[in-house]
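Below you will find one chain, with nothing else, as structure tokens; this is the form predicted on its own, and questions on how it binds or moves follow later.
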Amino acid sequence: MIYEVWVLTWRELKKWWGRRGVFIVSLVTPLAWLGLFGKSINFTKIFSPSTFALSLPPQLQPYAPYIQKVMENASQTALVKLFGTTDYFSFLTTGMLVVFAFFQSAFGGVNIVFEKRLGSMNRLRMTPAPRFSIFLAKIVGTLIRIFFYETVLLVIALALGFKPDVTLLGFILSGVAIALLAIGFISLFEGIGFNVDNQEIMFSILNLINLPLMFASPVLFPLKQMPDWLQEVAKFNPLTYTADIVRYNMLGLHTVNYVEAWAILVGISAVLTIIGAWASLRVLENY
């Protein structure tokens, strides 16, 4: 089966490289997220003393440097209280690494729907390759794409001012956490893709899953700033625990128990993978 998985994975990668438009747009997307969204929402600037510039009366002008210092300390304290750090861009970058992997996982299912409509999936089913190798190759191929784009995203973030405080072990553990999240959702979206024949329905399902999970997690804003009911919802969200693990390893920040976050992430990933494999093989075995 290893040989079949390798051949089918190489097939997936060649299709990816051959679609130049998709390839280029996927490279531009990280730049748009971080360069536009990340830099436009600049909380450091919002809380800077210049934002609260005072028009001091002449009698207080001699105390201007002291007032400026007090305002600087207050702004730094506010940022730390909100995000755990004074660098919101780094906070956002770690969350975007998780979100981008999550969104890219969905394309595995979308590609299956298009392959079914174009007939290439039927030709693949007619080969003697084990059915599980088809399922597994799509996971491996999508995972390679994800980490390619994650590398691009990280390079862009570093160029724009991302300041990680990470060791080699922390970097590896962050990658493992992202991989676990991706494997679970790639499997789930594969299962959906094999059972859906219409791309409009597929995109509707993706929007129904992707957006609520993104906003009901601390990838963009801290968990403690959410309403109490949304914090309870976020406890069932795998993005919450993945983002927490990545932030702990890259920035030293976390809001949930580290060991508990790993246990929940591994459990959710295993459950999603099993569900996705069952839903996919149920369709593949019928051909």
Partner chain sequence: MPAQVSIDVRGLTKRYGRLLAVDHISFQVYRGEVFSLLGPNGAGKTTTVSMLSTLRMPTEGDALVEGYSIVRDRTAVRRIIGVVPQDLTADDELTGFDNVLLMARLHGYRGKEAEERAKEAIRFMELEDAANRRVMYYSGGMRRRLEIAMSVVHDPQVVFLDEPTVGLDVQSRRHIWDLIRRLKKVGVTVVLTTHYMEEADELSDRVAIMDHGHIVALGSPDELKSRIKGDRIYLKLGSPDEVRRALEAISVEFKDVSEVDGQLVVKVPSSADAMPQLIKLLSSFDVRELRVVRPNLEEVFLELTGHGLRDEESFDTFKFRRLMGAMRS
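It should be emphasised that the depicted structure is a prediction, and the values quoted were computed from it without experimental measurement. Numbering follows the first chain given and starts at 1.
Here the subject shifts to the form predicted together with its partner chain, a form of this protein not shown in this document.
Although the partner is absent from this view, Pro212 stays clear of its partner chain in the predicted bound form, with no non-hydrogen atom inside 4.5 angstroms. Although the partner is absent here, Met126 lies within 4.5 Å of its partner chain in the predicted bound form, judged by heavy atoms. Using a 4.5 angstroms threshold between heavy atoms, Phe114 counts as touching its partner chain in the predicted bound form. With a 4.5 Å cutoff on heavy atoms, Leu169 does not count as touching its partner chain in the predicted bound form; it lies far away. For the three residues Leu118, Arg131 and Gln199, a heavy atom within 4.5 Å of its partner chain turns up in the predicted bound form in every case. Residue in contact with its partner chain in the predicted bound form (any heavy atom within 4.5 Å), chosen from Ser204, Thr77, Asn122, Thr151: Asn122.
For the partner-free chain shown, nothing in 147 to 172 comes within 4.5 angstroms of its partner chain in the predicted bound form, judged by any non-hydrogen atom.
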